[in-house]
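Let's start with one chain on its own, the form predicted on its own, as structure tokens.
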């Protein structure tokens, strides 16, 4: 199955390091990040799960739940989790899915045969409270993900879901945002009390609404 932006993501039940979960129930009415790993006991993956654990408070304040997945068995996950905690000075307490039957990997198209016929690539999915796919990124096995960028994207998605704005290149929390083209400049001036700066008729900035 090939997922596209705006698609409803597949639900599933799976065995994890935190017990058996149902994906939709686990997410509840919040946001979710599902990210896959080629294998346990690999160096890049170890740093990624450690970084995610260290950013726990950042995900929580955004109402985001995280899950990792690889096709290794649960027992192997549990041993690897101990190594992650030891080497990354963290506590991994989010679920790591044991996807031995490749159910989740298949549902989310995480196996790319030209990269590896068996291992999952480094895919990451951001899912909204409506269970629709908001973003997906796929990295090669050799490149670790930037989880600060994941948080930045979540900030943008949550902001633009509430307001008629978009975020420009390299935007971060507190920066000015762009007024979406569907709103006229006249209406934008009424809507955004902090003012509107028009660079071009199609390029208008305003202060971040919140």
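As the structure is a prediction and not an experimental result, all values here were calculated from the model. Numbering follows the first chain given and starts at 1.
What comes next is about the form predicted in complex with benzoic acid, which does not appear here.
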Counting only non-hydrogen atoms, the one stretch of 36-44, 162-170, 148-156, 181-189 within 4.5 angstroms of benzoic acid in the predicted complex is 36-44
Does any part of residue 141 reach within 4.5 Å of benzoic acid in the predicted complex? Heavy atoms only, please. yes
4.5 Å heavy atom contact, residue 122 to benzoic acid in the predicted complex:
yes
Taking benzoic acid in the predicted complex and a 4.5 Å non-hydrogen atom cutoff, the residues of 83-98 making contact are none
